[in-house]
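What follows is a single chain, given as structure tokens, in the form predicted alone.
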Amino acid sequence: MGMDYSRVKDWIIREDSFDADHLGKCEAIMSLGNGYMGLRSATEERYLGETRDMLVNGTFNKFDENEVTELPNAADVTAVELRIDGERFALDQGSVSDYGRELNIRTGELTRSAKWTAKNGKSIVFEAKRIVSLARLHDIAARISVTAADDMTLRIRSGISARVTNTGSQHFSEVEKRFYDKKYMQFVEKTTESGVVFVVNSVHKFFLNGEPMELATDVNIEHRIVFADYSVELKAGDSFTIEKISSVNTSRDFDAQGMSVSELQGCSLEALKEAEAMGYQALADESAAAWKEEVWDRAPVVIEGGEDAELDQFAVRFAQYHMRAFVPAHDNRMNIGAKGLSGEGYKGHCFWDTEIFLLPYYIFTAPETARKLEEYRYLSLPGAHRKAAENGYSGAMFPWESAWLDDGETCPLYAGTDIITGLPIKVWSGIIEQHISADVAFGAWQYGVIADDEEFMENCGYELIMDTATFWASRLEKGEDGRYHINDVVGPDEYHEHVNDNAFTNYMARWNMNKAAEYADSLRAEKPELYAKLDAKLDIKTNYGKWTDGRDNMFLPQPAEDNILPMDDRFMDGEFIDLSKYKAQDHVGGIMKDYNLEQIQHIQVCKQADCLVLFYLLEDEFPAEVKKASWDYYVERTLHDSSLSLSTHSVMAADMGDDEMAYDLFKRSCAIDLGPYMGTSDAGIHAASFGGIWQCAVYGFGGLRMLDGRLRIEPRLPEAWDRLSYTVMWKGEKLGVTVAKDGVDVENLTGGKKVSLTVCGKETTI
């Protein structure tokens, strides 16, 4: 199997050979989605080792009391079995030539083709296309064509199969299976614990040499499956086409609220018939138009340069494709999973990934979507309150992993195996990786400022920032030095557990409490009615003193004489070892094969950026010499064993003036999923890395930054690029930015009001 990048100029990523031992790569990176659902791009024919996932956002279920909630794998509509004179069509049998599988990210269409000769000598040309409609949340459309080289009997088996699991966990019970008019298949299933009803429909249309035809239907309804068998006689040269239109609806859908199961069945079936009448091509064209309008015309990023720039251009667009495919832009009751909707990794749970790595993209390009992501955090406050109370704290302590709004913490207790002891590794992140609460507050602040959305701030944002500040005030511990400390935490690094005074956590907690106090002061003076309302809910009068006391008396790690900011209370005392072996490996986590986490605690090694994320978010709080010395120190000790790390380092390298390293790290970030390594994406794409890729281009090379409520543009174009253009939304105005070797142009494309910003160190108004 090989990845083919020869068509990136046409917005296409290609697989040029088939290998049944490496299916996960293209299943994930070529996955389709519209934010409502994601469809992993498994082939039509079945193979051992495949993963067929259809994941619908916000439909979590718990398999049993010993497991955490996860997005359940819904019934499959993609499998279609073909038999050529009795021989099953399978690319690991017979002979194959002219194979190709392509994802066109411009249109969101997956295509696959091959010439195949069965062991019985009969040959066909196989072609398949598939979309998940961006224009119609519930619809999936597929078209399969078989052109016969010989006279043959073609048999087709196709249907809806609920014989799928989440790596063994079966989340559904059957409700009803129907076959209406021997044409319309319907499978109704219900999640076992959360009680979400899914209605999955499919219908088939057949064409011979372009003309519609009817085929006799052999109806089959069995345990967890409904399917039909069809048969057609083909002459040499005949072209036979199957169109399969499917739909997915759930009782969680806004427009299904209050419906009975039978009503949902009826409504979904009628909608399927409308899609059926349109046919595959009309549905595909409509979806492609939605991609153009919602993404490519709205938030273009254009990179000009040589051959390297072409691949860079595709990588940024590839990131934008996935960031639209997995974001629930339609619903504020759900967020973004760490694998998007492309696989079962991390169970569909939401992390700090959203606020720090993904949210900026949506704030600057689709603020109405960003608002929904932030409203999700507000609606999940009950779970954050419960987690705080369970741990003996006040306010809102946001879960490390989030699912249902009121779930609270959904992080598994154990994952992986200790290489030394052989025991399961306890996951401390869900217990003591607590910076997530400050990250959520930071996200709310960022959105409120950049989008200039005072309505959101009044209804949600101020409360999020103050409620999390109350948590931090209750979390502080007074030390013998008279200062407040945050002890026993995990910082963003994650290779060092149970540390005290992690720099990122402490500085962000201080920022959180300070911002809450600032807003309390301004609301008291400028919006007394809103202040009174929030005071009644959050007891601002009592908590204000705790915020300011905590802010003013917190212990904040300080740079030593060498200007290096210590990551925590013990990192600098660890052993420095040669990390070149692990840095040279083409896979992540290699150090875990030689050391367990207990041993790593005493080594100066970072899984990912920690202090450097702090410089990235709060860059104006640290002197240049501290950032530079700390950069030099931590770069040498960071393995980038997390997909979150490379993009942060790339942006920081640009800030440090190391253009060569910035570009190299950007290329490596792009290769996390898009690169040639075939095992990187088996559990799903790395959602946050796509936000990171956009940030590398726009924040790092494009120089965009929001600092203390003001917009700054100070670009550093890489040598491989001649020109970079991008658009961003700033306080309701759309700005077009063009960066060339000899300067920067900024244009207000909306022209609604004046915009003040700093460009290359100069204050300007446009």
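Computed from a predicted structure; not experimentally measured. One-based numbering along the sequence shown.
The following text describes the form predicted together with a small molecule, which does not appear among the structures shown.
The listed set 622, 346, 456, 404 contains one residue whose heavy atoms approach the small molecule in the predicted complex to within 4.5 Å, identified as 346. Among 642, 158, 380, 247, the residue placing a heavy atom within 4.5 Å of the small molecule in the predicted complex is 642. Of the candidate stretches 282 to 290, 352 to 360, 509 to 517, 148 to 156, only 352 to 360 contains residues with a heavy atom within 4.5 Å of the small molecule in the predicted complex. Taking the partner from elsewhere, residue 608 is found to have a heavy atom lying within 4.5 Å of the small molecule in the predicted complex. Using a 4.5 Å cutoff between non-hydrogen atoms, residue 400 counts as a contact of the small molecule in the predicted complex. Contact between residue 384 and the small molecule in the predicted complex is not found at the 4.5 Å heavy atom cutoff. The small molecule in the predicted complex comes within 4.5 Å of no heavy atom belonging to residue 388.
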